[in-house]
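In structure tokens, the next block holds one chain alone, the form predicted alone.
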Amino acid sequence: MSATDLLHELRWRGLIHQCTDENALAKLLSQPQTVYIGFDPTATSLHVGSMMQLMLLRRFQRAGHRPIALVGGATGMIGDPTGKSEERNLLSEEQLQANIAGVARQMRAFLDFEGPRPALLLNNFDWMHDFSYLNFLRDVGKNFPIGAMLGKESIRSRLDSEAGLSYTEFSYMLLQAYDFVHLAQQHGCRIQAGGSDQWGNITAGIDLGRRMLGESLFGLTAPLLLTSDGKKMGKTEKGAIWLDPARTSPYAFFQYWRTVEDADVMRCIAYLTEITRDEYLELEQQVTADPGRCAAQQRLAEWLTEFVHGRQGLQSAQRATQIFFGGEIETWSDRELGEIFEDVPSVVLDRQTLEGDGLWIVEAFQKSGLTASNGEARRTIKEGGAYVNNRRVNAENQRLSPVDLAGETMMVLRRGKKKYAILRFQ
């Protein structure tokens, strides 16, 4: 892919928000270049918002350039004040190292570290930990005009806020800017990319490179991943959508994308997938012609779930989705069932009720709240509308035992097509 093709690809996908000099950048990209994006290790897993930047690095690599994924082991000890209304809690060194290890594992799924232009995974703590305070002030700090720093929106907004800005956070821009200088010196990296909220930090690095190295460095930002009403994507009432399956299951991940609003789905496809423009245009037409079909949401959910969690993760998510719409339930864990039926009413019963003769099916439906009385439960069974683990109940004298559990402690009851209840035996 040529530089023109790459920039055209980024442009049609809406991934160029700001660029320091697009014409000069196009000339630079006519030859293989090195580009970096920094990631602060604030948790043991990356979240959906990080996918924007990882996919941006991946697009550069697929176009023949070398990506550097920079984990902020040093900057993460301070925390970027950009976009924050108050200072972050400082992480312990042990927690920071655990976060770095988790984030690094996930980055390897997005980038090729073995190919002809292998990606690099670096940690800025490796070159910052031996830097003395005096040497940093002398070599780096003297090249930073205070006026220029105060002019950055990220600094100005915090200074005007009630929380203010600590000297520690104020220094963050210097550290990130020096990362760019170091990577330019050691790895020939002349391009830094990031989210649009990083523009101030990126341009600070470009200015520092000019002052310290006499070199022209370049910056490129992509839009933030926001909904049409300006809210950050990747967050729900229960928290962030993580890339780690232990924190957000493939099913929950799949369902998040499956229910994206029509106003947001095509932008998500453009930003986060490698779906071709031809297919993109076809999906766009389908959204316009038949929005209720949710074809674009289905394609988005399938593509991203398979990319992040693999074929097995996608198949697991699809099976779980089928279960909620009546597919037979085999053996699942309580955790998986809890996520599938998280909004379904549940009742806790004593495990002993399943022993001996077991729990009478009529009583089970009455206790679950799906029927108001034993008589109503009998009628539901007689009419063929009663299900245990999505298998129809054929006789009102059926007794439930531990073999009927769908998980370690859970059993799924259903009345009709859509009324569910969970029995938990503890």
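Fair warning: this is a prediction, and the values are worked out from it, not measured in the lab. Rigid core here is just the name for the largest C-alpha set that superposes within 1.5 Å across the two forms. Just count from 1 along the sequence shown to find any residue number.
The same protein also exists as the form predicted together with the RNA; that form is not shown, yet it is the one meant from here on.
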| property | result |
| --- | --- |
| Single option in Asp350, Asp262, Glu215, Glu342 placed near the RNA in the predicted bound form, where near means a heavy atom within 4.5 Å | Asp262 |
| Option touching the RNA, based on a heavy atom within 4.5 Å in the predicted bound form, out of Asn124, Thr305, Thr248, Gln255 | Gln255 |
| Interface segment, criterion being heavy atoms within 4.5 Å of the RNA in the predicted bound form, picked from 27 to 35, 41 to 49, 58 to 66, 387 to 395 | 387 to 395 |
| Residue contact check: Gly375 to the RNA in the predicted bound form, 4.5 Å heavy atom | yes |
| Proximity of Asn99 to the RNA in the predicted bound form, heavy atoms at 4.5 Å | no |
| Close approach of Glu383 to the RNA in the predicted bound form, 4.5 Å, heavy atom | yes |
| Close approach of Leu283 to the RNA in the predicted bound form, 4.5 Å, heavy atom | no |
| Partner contacts for 396 to 426, taking the RNA in the predicted bound form and a 4.5 Å heavy atom cut-off | Arg415, Gly416, Lys417, Lys418, Lys419 |
| Threshold 2 Å Cα movement between this form and the one not shown at Phe365, rigid core reference | yes |
| Shift of Arg59 between this form and the one not shown at or above 2 Å (CA, core fit) | no |
